[in-house]
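Consider the single chain below, provided in structure tokens and representing the form predicted alone.
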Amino acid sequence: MTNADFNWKVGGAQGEGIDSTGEIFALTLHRMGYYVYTYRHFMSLIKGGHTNYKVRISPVQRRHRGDGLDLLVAFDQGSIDFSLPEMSPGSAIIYDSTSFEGRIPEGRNITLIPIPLTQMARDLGMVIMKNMVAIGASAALVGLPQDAFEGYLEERFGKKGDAVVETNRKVLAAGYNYALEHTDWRKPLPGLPEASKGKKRLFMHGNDAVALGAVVAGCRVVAAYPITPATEILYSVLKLLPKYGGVVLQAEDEIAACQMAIGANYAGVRAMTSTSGPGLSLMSESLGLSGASETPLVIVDVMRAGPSTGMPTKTEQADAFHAIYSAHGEIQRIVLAPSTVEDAFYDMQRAFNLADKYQVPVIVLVDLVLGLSKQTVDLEDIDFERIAIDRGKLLTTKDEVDAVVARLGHYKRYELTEDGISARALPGLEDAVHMVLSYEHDEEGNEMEERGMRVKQTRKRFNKMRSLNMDEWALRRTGPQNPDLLLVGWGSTEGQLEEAREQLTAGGLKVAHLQVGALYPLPAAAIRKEIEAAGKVLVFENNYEGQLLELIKQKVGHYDKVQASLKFDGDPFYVSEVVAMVKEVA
């Protein structure tokens, strides 16, 4: 955390409106012009169990939740106990004195601020409104004007009538005034640069960006089964797709969802499915169908902590091997791993282009932190025309089919071409009748087990990827050339690694940072160049096995220079943890 940031959190039991409280606070500050980054800690329970919502507020963009905590709103003692390790010196805790007596260990430089949140809400409106009391108190202590949340109140409660809006306004004002009168603790928010005011911005998480990127890519069918933490993709496309003639299908299970997506793609409509690790396991056989039939397919896997049911609401980056190697037999596929909200938007467009061009399944790995952390995104950083739609060798007209027939005598769906990619005709086109099977086949698509053709078709399927080069966009690098230490990461680790690099550089170390955005095919040549130029290499991942590290060892080598720095407790890295790990080897 830097002095330019402010970190706020609300915590309590699930079912107490913790998420809505955090989002009200975050969205209001976002609209004021601040960059906000939110992080949700929650359990897979509807009620009970601890949950909290953290908001990092900054005049500049941040890519992770921040290490410290300046102001905590605690609805129970458990929230205080849970968040104490994050509390910064000089920080404060607002606690609900109606329900409990807040306690902290002796010697901590933390101010306890008792406010009867529940009682005030009960007296002025309803108990459920204690979140508005807490927001009002928070606003007073960080220097926000009392009317800062006025726009949100009108928007959220206006449809319920003026009386409801006025009651919420009254409850918020009561919390605001009580805080001013009963404590001297103050910590103003960082100043807001003039340049940030009036900018058009989005408040979205990675799952929103996945949905938006898919729609921009021309996806018009999304088939999925709800699963944490990927369900928000379904919610987002439900808002978008119908406006563009698209369809959202809730399948009976992940197997059906994946096969619906394959069927729609076969028919010529760009389609995808979204899931998490357990669902991807069920889709493994369908991956083989996509590979054998050379039908495009896009799967988004929002990774959570496994194995099996594991910890559905905690983050992990342990599906890399599964995405790369799952499916019986051998098929080609592409695996992308966005690190930021913007990456998720663009990678979805790339995913559809790559699936169409190479006629393979493309899996986009999004970890839970990226998928669910809402944050400020500058609209000017989202270029809706950067990536043009490329359908590859898709035949959509009779004239295109006639050209193929004139060359071959008749249409061959699995023609043995030099680049390994055959023309794919839409079903129903005259003179383009063909078979599409899960069995091995000849050039026309007829089932066969002749050894020579089997060898030719297998080589064809693997040769099609020879022309793929992702180096231009699959790697992002910062820092000096020939560094003493290179930090390597993938997925949502980017924010922590970049801030750690800045801190370490300020401390006199020569450190660079490489973020990997494609896991298969791994951009091995470009990574090898970076590793050979560095003294030592640390690979940071949220898994036990060091899956990216093992891929680097397998495809790049340099066992003597590369080692893993791992965290797999369900929680993302803190910057301080990254710095400590670096200092152990530096």
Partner chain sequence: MAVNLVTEYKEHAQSSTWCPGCGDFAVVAAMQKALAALELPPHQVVAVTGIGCSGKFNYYLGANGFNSLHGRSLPVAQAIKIANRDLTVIAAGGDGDGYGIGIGHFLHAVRRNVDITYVVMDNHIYGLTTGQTSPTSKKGFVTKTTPYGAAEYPIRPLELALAGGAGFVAQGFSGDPKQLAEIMKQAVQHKGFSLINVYSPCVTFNHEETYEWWRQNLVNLDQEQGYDATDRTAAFRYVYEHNGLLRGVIFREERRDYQSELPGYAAEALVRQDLSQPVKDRAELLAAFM
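As the structure is a prediction and not an experimental result, all values here were calculated from the model. Numbering follows the first chain given and starts at 1.
The same protein has a further form, the form predicted together with its partner chain, not shown here; the description that follows concerns it.
- Using a 4.5 Å heavy atom cutoff, none of L485, L504 and E577 lies near its partner chain in the predicted complex.
- A residue is said to contact a partner when one of its heavy atoms sits within 4.5 Å of a partner heavy atom; G161 fails this definition for its partner chain in the predicted complex, lying far away.
- Proximity of S438 to its partner chain in the predicted complex: non-hydrogen atoms within 4.5 Å are present.
- Its partner chain in the predicted complex is not approached by P145, whose heavy atoms all lie more than 4.5 angstroms from it.
- Residue contact with its partner chain in the predicted complex: K553 places no heavy atom within 4.5 Å of it.
- Among the residues Q332, T118, S236, T167, the one placing a heavy atom within 4.5 Å of its partner chain in the predicted complex is S236.
- Proximity to its partner chain in the predicted complex, taken as a non-hydrogen atom within 4.5 angstroms, holds for one residue of A139, A264, L71, M132, which is A264.
- The stretch in contact with its partner chain in the predicted complex, judged by heavy atoms within 4.5 Å, is 244-252, chosen from 468-476, 181-189, 365-373, 244-252.
- Within 4.5 angstroms of its partner chain in the predicted complex, the stretch 410-443 places a non-hydrogen atom from each of L426, P427, G428, L429, E430, A432, V433, H434, M435, V436, L437, S438, Y439, taken in sequence order.
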